[in-house]
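In C-alpha cells, the next block holds one chain alone, the form predicted alone.
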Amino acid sequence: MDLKELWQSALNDIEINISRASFMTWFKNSSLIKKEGGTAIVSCHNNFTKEWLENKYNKLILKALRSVDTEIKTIEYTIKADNAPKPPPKTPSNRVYISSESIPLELGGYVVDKDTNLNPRYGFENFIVGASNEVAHAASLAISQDPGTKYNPLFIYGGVGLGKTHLLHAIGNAIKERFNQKKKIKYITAEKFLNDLITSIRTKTIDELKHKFRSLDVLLIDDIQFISKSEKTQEELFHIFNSLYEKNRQIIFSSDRPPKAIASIEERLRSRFEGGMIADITLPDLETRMAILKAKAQRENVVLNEKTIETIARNIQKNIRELEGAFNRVTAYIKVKGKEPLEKEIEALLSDISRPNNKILTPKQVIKAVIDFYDLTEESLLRKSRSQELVKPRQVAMYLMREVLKMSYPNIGEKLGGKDHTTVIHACEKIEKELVFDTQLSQEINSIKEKVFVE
C-alpha cells in the first residue's frame, strides 16, 4: 500500500468519527508525504491547521493510521513547502512581529465586487468551525458545491457578530469560483433591498428591479428581519422567492432570530422561510474562540503565546467582531511596548469591551431586549391582553427577570404593568417546563440573553 492509499484509508476512518464540517475544514488539504521507520509525516495546508491537528486530532489520526499499518508509532506534522510562512524579521524583543500592513477588520483592504456585492475577504477557508456553527457551515458548504438542489432555501440565524454575514459571502464567493463566474449571484441586505424597492417605485423602474432579481441564480439576503417594516417589500419578495424557487435557483437568508420569532411578516412568507433548512449559530465556546484568534494571528503574521490567546478568549465571550477587535488592541499594545502584556494588563486593556457575567443589569434592559427581539413596543407588552403574540413575550420577560435579575415575583409583576405575583409564578413555571422540550424557545431566550449582556 503506497502513501496515498494509506492516507486515504485513514481518512475514511477519521471521517466517520467527526462531523462532516470539521472533516472538510481540517483534513481537506492534508496528505501523508513520508513514512520513516515508525514515524508518519503529515503535510498540512498552513501552520494553524498543523497546530489544530497536533493538539486536537493527533490521537484520532494515529489510531486511524495504526489500524492500517501497525508499524506507525508516532506522527509528525509539517507545512507544505509552498505554503510555509516567511520568517518574520527580528525585532528588538526577538519575540513578536506585527506586520505594518495588518488589515483593519471592517475595511479589510478588499475590493467588493460591484456586480455581486460579494466581499472576497470572507471565504470558507478563513471561517472557523466549532460546535456553535458546524451545522450552518456544513449546509453552506453543501450549497456552494451544488446550488439550488440542497437546503433551498437556507435560513441562518443567530446573534450579532457570530458569522452569519461571513457565511453568506463565503457561499457566494465559492459558487462564483466553482462555476467560473457563470452563475448570476447577488448579495444584498434587507434594508438595501427595501431602499432599492422604494427608489424603483419612485422612479417607475419597478419592472427592471423585478427582472434583475428574478434572473438570478443565487440570491443572498442578509438581516431579513428588517423586511417586517414594509408590507410592499414582503409582497415583492414573496413573488421573487416563488419565481426563483420554481426554477431551482438558490436562496439564502440570514436573520438575528428564527422565522417564527419575526413579528409582522405575512404567514405565506414565513412558511417559505421555514420550507427549507433552518440552521442557527450560537455563541462560540472557549476552544473555538481561541481557534479564531490563532487563525487571525496566522493571517496577520503575528506570534502570540498560548496564555495571551487564552486570556483574550476568556475575556471576550459574546461576539466574534469584539474578539477580533480585542486581538487588534492587544497586538497594538505589543507593537508600542515591544512585549506581550501580562494577564492583568490584558484584562485592563479589554475592560471596556469584556462582558463579565456579573454585569449589573436593570429590568428596563431586559424589557428592551425582549421587545426588540419580538418586534413589539413597551406599551403593547405591558397592556392587558391575552393575545398569543403578547402573552409569550411577556412570559419570557418575566422568566428572564426572575432567572437573570433574581427579582421577587411581586417586583416582576410591578415592573410589567402591575401583574399579580401568581401570574408571574405561573409564567416562570410555564417557560421552565417548555424549555425542557422546546428547542426553538430555548434558542430565542439565549438570543435575548446574549443581547442583554452585549448591550
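The shown structure was predicted, so the numbers you read here are calculated from the model rather than taken from an experiment. We number the residues from 1 along the sequence you see.
The protein also exists as the form predicted in complex with a small molecule; that form is not presented, and the subsequent description refers to it.
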query	finding
Site check 152, 183 and 244: each within 4.5 Å of the small molecule in the model of the complex by heavy atom	no
Segment that reaches the small molecule in the model of the complex - one of 231-239, 155-163, 371-379, 267-275, heavy atoms within 4.5 Å	155-163
Exercise: residue 321 in contact with the small molecule in the model of the complex, heavy atom 4.5 Å	yes
Contact test in the model of the complex: residue 126 vs the small molecule, heavy atoms, 4.5 Å	yes
Residue 249 within 4.5 Å of the small molecule in the model of the complex, heavy atoms	no
4.5 Å heavy atom contact, residue 122 and the small molecule in the model of the complex	yes
Contact residue in the model of the complex, chosen from 139, 292, 190, 118 - any heavy atom within 4.5 Å of the small molecule	292
